[in-house]
Structures are given as structure tokens and as C-alpha cells.
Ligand SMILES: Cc1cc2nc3c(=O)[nH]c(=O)nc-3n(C[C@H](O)[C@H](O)[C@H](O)COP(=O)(O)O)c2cc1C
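Quick setup: one chain, the form predicted alone, written in C-alpha cells, and binding and motion questions come after.
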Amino acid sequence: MMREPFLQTPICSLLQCRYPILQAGMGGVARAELVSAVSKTGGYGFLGMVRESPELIAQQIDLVRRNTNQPFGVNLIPLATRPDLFKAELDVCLAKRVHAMCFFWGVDAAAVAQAKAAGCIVLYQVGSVADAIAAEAAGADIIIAQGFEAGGHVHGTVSSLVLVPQIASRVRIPVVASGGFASGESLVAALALGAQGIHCGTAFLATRESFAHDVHKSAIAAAGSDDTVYTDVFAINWPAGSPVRVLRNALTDELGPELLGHDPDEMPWDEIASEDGRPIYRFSTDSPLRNMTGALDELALFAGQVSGLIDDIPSAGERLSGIVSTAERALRRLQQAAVPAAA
């Protein structure tokens, strides 16, 4: 059995986790229950706190700490958040002395510097070689290289298979592969491409601890890889030109070929759902959550192309253990297939 030697990459020491499997900080979905479960079972979890109040962020951090003494991080998006709110979000994270901060969508060097000065490990999720280089120059400790096949907001146009090795060859800091990774085989592939681990969103969204609504989880479990679409129609609350990958639904089908080119300032604010009294709009970037009611299947059902590999809704621990065990089997297959050297 190769478990410990194979899976102990350098980021495990840096992040103080057993396995190089990171759970993406999905906004709304990645709350304390999911993050606790991932970190307790050897992975590394991130709270998805994009545009959340400082009070909710503090509450969620405290909840994770009540459930586990394992380290975890918080995901924020500087360039898609009002500056005053982002400052308040980051301030509460640093006051709570979170272990790591993960940023996304354009490199904010000031945010990196502030987090580093407070003693945080900083991960930066990028979709291009240029942004990876900029994030390293800003002081990031780990780059998350997000391929085009990823779910949710997608900040590049290159697939993981091509992007990951390019970034790994251009930066000196560790790289984690994101977009299309939900199995042990994909973990082995990521390591072969030069990454030190994988960053999984869709795989952990479809788990029992995820705060996603069952409508969303069931849709992922039933979907094939060709059931996702790349569109910027879910634009309210984000800057223009912020495409996402979602499962196709009646709304995206109505668009036909007109999936791109939508301006959030021109979108109608049609209320179709509610979250504890807060209106949820048809073209917003809100995805269906447990505490929402309404026409949830018309909202943004974020999912990556890897949804074609997901056909169940297990616990987060079971999902993580499955990745670990299939990685070991994949490695053994490769070893057995290797041609012995000539005598």
C-alpha cells in the first residue's frame, strides 16, 4: 500500500492536512458543516464567504472551530465585492486568525500583503499563466490553476490539461489543479502535470454536508459532462464579462446560441425565489441553497464538466476517502503497466 508516501506532497506540510485534496470555497455552499467534514477527514476546507456579512463570517469560523481543531481557510473575491464590504470581510477573517485566505478573480496585491502580514497562508486561484505570475509576485504561497472545464465562475479559457503544466513550469511556488478533478485518477493525473494536489468544487457540492439545496445536488448526480454550459447570463451581483459554468436548464435552453454577451446592468430583476426573506433574482449568481424557496431549478446550478463522473450524494468524508482509495489503485495500475528495464 502506497498511501502515506504517495499522498504526502509538500502542500500537505504547508497546509497541515493529511491529503492534498482541497475543497473549493464555493459561495453559499461551502459553510461550516462541509468545511468541518472535509478538514476532519484529512482534506483542507474553505468557507465560501463571498459578499457575506462580517457577522456571518465570524459565526461560520467559530462553528468550524467547534467541530474540528484542524486548520481551514476562507475564500473571498476582492474584485467582485464592494471595497468597503471586502475590507470588513478580510478584517474579520484576520481578527479571527484564520489559517489561510484564498482569493480569486484578478490579483489584488494589497489583499495578499495584508493577509500575509497577519500570518495567513495565501492561495490565489487563477485562470491564466499571467495571473499566476502576478499572484506569485504579490506574495501568494500557493497557486490554484483553474481550467476552463471548472464549475462556477471561470476566469480563463484554457483546459486544465494544458494550463496546469504551463503554470507549474512558470512559478516557483506550489500549484494545485482545479477544474475537472473529482477522482483518484484525476489526482494522479494532476501530480503528473506538475501540481501538488487538487481543488474540488462540484465533487464536494454534491455531498450531504454541502449547504446546496437538494435540487442542485440531485441535478449534478443526474447530469452528464455534456449537460453543462458556459454563459454569462447569470450576471446580477458580478462585474460584466464574468462567465460561469452551470448545468443547462430551461432558462439557458431559451437562450439558444446567445449564451454570452450579457450585461448585468441591463438584466431584469425578476424575483423568482427567496432566502429567509431576501429576494433572489432570475439572472443573479445565487445558486439554490437549503434555506431558499421558489423556482430553484431556474437559478444558476453551478457545476463543472466533471459532474459526468458524479452519480451519488455521499458524505464529504466518503467523497474524500473515495478519491484517496482510487488514487492508490490508479498508481498501482501504472506501476504494474510499467515495462521492466532490460537486464
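Remember, it's a predicted structure, so these values are computed and weren't measured experimentally. A residue's number is simply how far along the shown sequence it sits, counting from 1.
Another form exists, predicted together with the named molecule; not displayed. Remarks below refer to it.
For residue 21, no non-hydrogen atom is located within 4.5 Å of the named molecule in the predicted bound form, even though that partner is not displayed. Within 4.5 Å of some heavy atom of the named molecule in the predicted bound form lies at least one heavy atom of residue 180. In the predicted bound form, none of the heavy atoms of residue 44 sits within 4.5 Å of a heavy atom of the named molecule. Although the partner is absent here, residue 151 sits close enough that one of its heavy atoms falls within 4.5 Å of the named molecule in the predicted bound form. The partner is not drawn, yet in the predicted bound form one stretch among 195-203, 83-91, 247-255, 263-271 has residues with heavy atoms inside 4.5 Å of the named molecule: 195-203. The listed set 280, 26, 57, 37 contains one residue whose heavy atoms approach the named molecule in the predicted bound form to within 4.5 Å, identified as 26. A heavy atom within 4.5 Å of the named molecule in the predicted bound form is found for exactly one of 316, 292, 50, 61: 50. If you take 228-256 and check each residue for a heavy atom within 4.5 Å of the named molecule in the predicted bound form, you get nothing at all.
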